[in-house]
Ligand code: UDP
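Quick heads-up: it's one chain on its own, the form predicted alone, in structure tokens.
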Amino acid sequence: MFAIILGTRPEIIKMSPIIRSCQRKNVDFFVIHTGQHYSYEMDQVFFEELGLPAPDFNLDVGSKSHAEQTGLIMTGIEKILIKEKPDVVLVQGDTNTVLAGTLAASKCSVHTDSSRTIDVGHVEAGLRSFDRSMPEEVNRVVADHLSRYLFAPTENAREHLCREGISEEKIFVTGNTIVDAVFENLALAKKRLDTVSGLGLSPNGYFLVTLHRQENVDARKRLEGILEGLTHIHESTGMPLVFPVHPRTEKMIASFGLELEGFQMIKPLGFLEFLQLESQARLALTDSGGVQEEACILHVPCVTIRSSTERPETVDAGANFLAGVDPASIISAADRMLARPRSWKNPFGDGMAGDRIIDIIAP
């Protein structure tokens, strides 16, 4: 039996192909939802929209400090694992849910039968930004070094793990489950929704903006500079900046009293709505790792508002440009990407990663 642990929008999306694979193959599993995101729009709605079964357990932890959130998730997960005794725990990505789930499963094995341990499978293993100031980097490194199964999305990720001394027998290059999710849901989104025209937009007639990372939105000077650069891009092109605002970002913009010009601010979107909006954007400007991947798969040029990325394949492919956070650099990066042809090759696989992962742990 498998435990699938998730707690954020990207985790729900990227675990959805694995859940569907378990259903198709009649594999016994249960889902623990930590509730790491603190609004309905940011998490639970995605289960309904993607046609996934409701989580078997919901910890409803909510937004807290890193330490408090991680501790509460560990405590909640440990109780469930002791009771349910799964053979494998699957976690995905680099959140506090991943860190807590990995630690809880690794330590929980001492409470089960001495003949059994709880193995951890890390989906999207081996990503590295090489920036330990990012909480996500710490989370993914710890998860990788405690996991029994490391499902690397690319050869580049596999090489990172090997260089850190992780045994090659633990590493499996599967592709990235985001490709599965995009392929499975884009056609559905086009049939069911018309998000773009519903917002008064035209295909390729707007830029998509997402900002949520702590280091970008919690510091007034940095956030102000990013918004200044984005405003200049709007003024020079005349295209609106469509901005689904993360609750954290909305809170900080209000707290700092910042004025936004040229932005069409909208509520957070469901995955199908966001996928449709993303697929028809002229350019994506983001600090999200997931958007970097999705834009690359969809052949939408991307500017990453960070100085490092754990998705270097997107840069190598020509789909993405690392701009940093300086306003002039953001403007220059946007000009570069707008002039670049959309002819790159998707480096993240063929859309069969979910089935590969389940076949490895449930042969």
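Residue positions are given as counts along the sequence shown, with the first one as 1. Note that the structure is a prediction, hence the values are computed from the model and not measured.
Another form exists, predicted together with this ligand; not displayed. Remarks below refer to it.
Using a 4.5 Å cutoff between non-hydrogen atoms, residue 207 does not count as a contact of this ligand in the predicted complex. The shortest heavy atom separation between residue 147 and this ligand in the predicted complex exceeds 4.5 Å. Contact check for residue 178: a non-hydrogen atom falls within 4.5 Å of this ligand in the predicted complex. Interface membership of residue 353, defined by any non-hydrogen atom within 4.5 Å of this ligand in the predicted complex, is ruled out. Figure note: of the listed segments 166-174, 210-218, 197-205, 184-192, the one touching this ligand in the predicted complex, with heavy atoms no more than 4.5 Å away, is 210-218.
Proximity to this ligand in the predicted complex, defined as a heavy atom within 4.5 Å, singles out one entry of 289, 86, 229, 126, which is 289.
With contact defined as any non-hydrogen atom lying within 4.5 angstroms of this ligand in the predicted complex, the stretch 248-262 contains no contacting residue.
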